[in-house]
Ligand SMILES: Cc1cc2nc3c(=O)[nH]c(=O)nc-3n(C[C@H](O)[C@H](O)[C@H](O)COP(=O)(O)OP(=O)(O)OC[C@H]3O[C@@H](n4cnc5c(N)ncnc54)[C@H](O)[C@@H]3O)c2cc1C
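Single chain ahead, by itself, as structure tokens, in the form predicted alone.
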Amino acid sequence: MNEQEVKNIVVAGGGTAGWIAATALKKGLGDRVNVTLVESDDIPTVGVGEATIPPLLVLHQILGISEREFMSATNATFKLGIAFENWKDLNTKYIHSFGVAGKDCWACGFSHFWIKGMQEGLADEYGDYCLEHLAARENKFAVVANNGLNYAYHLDAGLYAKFLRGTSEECGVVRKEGKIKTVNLSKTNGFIESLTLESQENISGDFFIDCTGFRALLIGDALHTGFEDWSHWLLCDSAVAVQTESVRPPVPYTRSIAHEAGWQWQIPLQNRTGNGLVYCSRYMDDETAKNTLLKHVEGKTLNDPRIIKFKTGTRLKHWSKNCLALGLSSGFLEPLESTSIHLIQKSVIRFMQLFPGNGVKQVDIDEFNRQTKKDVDYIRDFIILHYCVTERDDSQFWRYCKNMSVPDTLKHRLSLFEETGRIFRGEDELFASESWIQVMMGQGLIPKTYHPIVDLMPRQELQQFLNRLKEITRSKLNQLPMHEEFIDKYCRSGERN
């Protein structure tokens, strides 16, 4: 490959992906590397992914970011999960929350005890045994000691990139303003040698991070790294986004509302609400999508609706030669479960673990791509689950989703859960068993049976067990303040003063 020491790293593109990469690499590797980020003020970022998942807290700890400062600067609110409306069928709602319900035993999870409890008429709603689920439903929140409450954030993506830029430049990252005109390759090994800007300035580097969004100027246009298309499983290929004024206190969860050819998101920030409609252009044209979204938003619109086109899928290689693709340049999974920022941070941390300090080696590239492929495949299956396990057949879109063939890996999970109630996670898989359980049952897939060890617990003892867990969860909930009340004391944004 290339035995040249990797000292100078060039990040092509800003936005959330670019500034996370630049900040993490410089903070993590210090003077070992020089980091230059190239971006143009004339090129807008997609900037609509405003919901996150709990692993972001780990990244912020690594980067030494103050939670209060970050939340105030980005108009952030807290997120305990996602409310899915009209997904199982019309007029049905369930919540996929963070955290864990009940208490497991050595042989099986709490869900097996709950299933028998439901069959025997002893159990209440599954979410009643999960603190995060209850808190989301009742609009309560607090930062609890010892990670007593699992949470993430809703944030302004544009302000988040700006916040990270400030952190990044403080620790020595150099920003270059300008549009990339050409990507210059070595004639001997095909590696990227430099980027030429429209100003004719030449930016050389030993390694390049492609954060140029859907354009994928480095990994796609220059290195011709292939793309695996998943649009036969994930039909949505378009989105329209708009911001609105807040009309009520922010709830600590994202709303995902299924429509006839896709779904609508609603993300509450401190100062406004982010809205969007993800849809399949085969079944809904852009104008209809725009009108559908505007018909279902609350509050005065703050900007004109913006159409975004995409293709679901992933790069065949996320690391090729001396280039790593992050964010939209590496592929796209619709924001149904808020995984985009997580995949960025996971790839950055993995790259640092496999950092090619003594030169780029194929074994490192292969290992990185193997692990990343597993990550995106697991997430892909989890997102497909929301579409294929449904009772909806009221439109062509939903009839296709309900009857489509799915990856064998997902088919096995669904069959295993339906027949036995069992969930087995893959190696380093993002979504926990609890997530699979909540979504599968929320979508209407209830196991036919449960683990036989549950029958060792007498009926009265099972009743006491379930009641006690519910009481403990409710007691913890009663100690939490209202979500907006906590935000006002903890991280109030200047835009709300």
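Residue numbers here begin at 1 and follow the sequence given. Quick caveat: nothing in here was measured; it's all calculated off a predicted structure.
Heads up, the form predicted in complex with this ligand isn't pictured, but that's what we're talking about next.
Of the residues given (352, 105, 308, 90), 308 alone sits with a heavy atom within 4.5 Å of this ligand in the model of the complex.
Out of the listed residues 135, 173, 328, 101, 328 is the one that sits within 4.5 Å of this ligand in the model of the complex by at least one heavy atom. Looking at this ligand in the model of the complex, residues 179, 332 and 340 each place a heavy atom within 4.5 Å of it. None of the heavy atoms of residue 23 is located within 4.5 Å of this ligand in the model of the complex. Mapping the unseen interface onto this chain, residue 265 counts among the residues with a heavy atom inside 4.5 Å of this ligand in the model of the complex. Using a 4.5 angstroms limit between non-hydrogen atoms, residue 131 is distant from this ligand in the model of the complex. Proximity of residue 344 to this ligand in the model of the complex: non-hydrogen atoms within 4.5 Å are present. Heavy atoms within 4.5 Å of this ligand in the model of the complex are found in one stretch of 288-296, 220-228, 204-212, 413-421, which is 204-212. Taking a 4.5 Å heavy atom cutoff to this ligand in the model of the complex, the contacting residues in 7-23 are 13, 14, 15, 16, 17, 18.
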